[in-house]
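So this first bit is one chain, no partners, the form predicted on its own, shown in structure tokens.
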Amino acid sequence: MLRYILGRAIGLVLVILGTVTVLFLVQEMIPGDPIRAFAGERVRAEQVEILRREFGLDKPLYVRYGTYLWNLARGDLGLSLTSQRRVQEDMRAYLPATLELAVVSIVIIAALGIPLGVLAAQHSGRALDQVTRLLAFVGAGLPVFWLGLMLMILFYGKLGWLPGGGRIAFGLPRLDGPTGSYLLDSLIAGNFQAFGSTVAHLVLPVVTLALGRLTVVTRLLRSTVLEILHEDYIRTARSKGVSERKIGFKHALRNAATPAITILGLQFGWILQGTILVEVVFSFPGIGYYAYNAMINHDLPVILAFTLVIAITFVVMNFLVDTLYAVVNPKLRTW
């Protein structure tokens, strides 16, 4: 098991190094001058050259690449052209909100998608299966930004049931807890008013973010469980009088654990990627909203840092999925 994890860890490091290299080369190939775009056309050439030297853009390519790797190894993501702060400091401030949004979304996706997938497979061709497939088709086809706007218009604009944006109600004291998650910090502090406000502000963004991913999990798990339900050992279990509920949620789901882990692991990466649209629609102060403002202001260090975080998230999730594979199925513990 240790050798298996070590082999995957070496592959993880190599993939991350390759990802970092590709991002650096893409940065170098982007047309235009980011310093000029940041400073504006009216700034004199002498001032532009001063800024270029300040950001190290006057050095040769190999020097900039070495500096880039060294800075990343030290956790230095560069200097934001807009805020004039280190990017990692800004990311630390915005990341807890995005993680809170993503974790709540993936928990809901798992809690709903897994049982719906199993039930749809068990009732294949019947009403429940048809409704589930219809909802999956509709949910997968709805653009995230459009769905968010429609939910906001309905539940905030028309009905007034839920807040339309932000992370917590105005007027409530700022939560400066140890985790950065308003849900956890409000519970730790015993501030149930802040907890209720945080939950209310999460409802619409979470529904918007989770709906499309939920349909993916439901459809793929349905297909997997449907194949398993035709296996010989399932027919044997039925002949012994085992209930359909136990067959679906114990025998079939246990053997569908490997693809389920894959689906959920990859969906977490896609959720982080999708937060940029959701956070912009709902003015949710996470790294997606931060990256969007950076794109508007041509803040290249922030854009690259956001891209790097998403890319590394996918790579790490693949590593964790491979590790969980070995835990679930010992036969996969090969070099």
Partner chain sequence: MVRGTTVATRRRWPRWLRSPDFVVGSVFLMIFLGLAVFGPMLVPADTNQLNVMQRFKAPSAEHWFGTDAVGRDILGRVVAGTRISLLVVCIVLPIAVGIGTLLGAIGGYFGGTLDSFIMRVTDVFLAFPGFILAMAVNAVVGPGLTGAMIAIAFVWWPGYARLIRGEVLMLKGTTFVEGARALGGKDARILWRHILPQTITPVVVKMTLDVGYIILTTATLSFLGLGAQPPTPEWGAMVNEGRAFIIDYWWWSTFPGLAITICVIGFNILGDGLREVLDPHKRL
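Here the structure is a predicted model, which means the values were calculated and not measured. If you superpose the two forms and keep the largest set of C-alpha atoms that fall within 1.5 Å, you have the rigid core. Positions refer to the first chain, counted from 1.
This next part talks about the form predicted in complex with the partner chain, which is not shown.
For the options Gly196, Pro259, Gly166, Gly157, the residue carrying a heavy atom within 4.5 angstroms of the partner chain in the predicted complex is Gly157. Only one of the listed residues (Phe137, Trp161, Tyr233, Phe192) places a non-hydrogen atom within 4.5 angstroms of the partner chain in the predicted complex, and that residue is Phe137. Within 4.5 Å of any heavy atom of the partner chain in the predicted complex lies no heavy atom of Val63. Not displayed here, the partner chain is kept clear of Ala9 by more than 4.5 Å at the level of heavy atoms in the predicted complex. Looking at Pro285, you'd find every heavy atom of it more than 4.5 angstroms from the partner chain in the predicted complex. In the predicted complex, the partner chain sits within 4.5 Å of a heavy atom of Leu23. Stretch-level contact analysis of 129 to 137, 197 to 205, 97 to 105, 178 to 186 against the partner chain in the predicted complex, using heavy atoms and a 4.5 Å limit, identifies 129 to 137.
Contacts with the partner chain in the predicted complex, taken as any heavy atom within 4.5 Å, map within 290 to 305 to Tyr292, Met295, His298, Leu300, Ile303, Leu304. When the rigid core is held fixed, the Cα atom of Arg219 travels less than 2 angstroms between this form and the one not shown. The rigid-core alignment places the CA of Arg86 less than 2 Å apart between this form and the one not shown.
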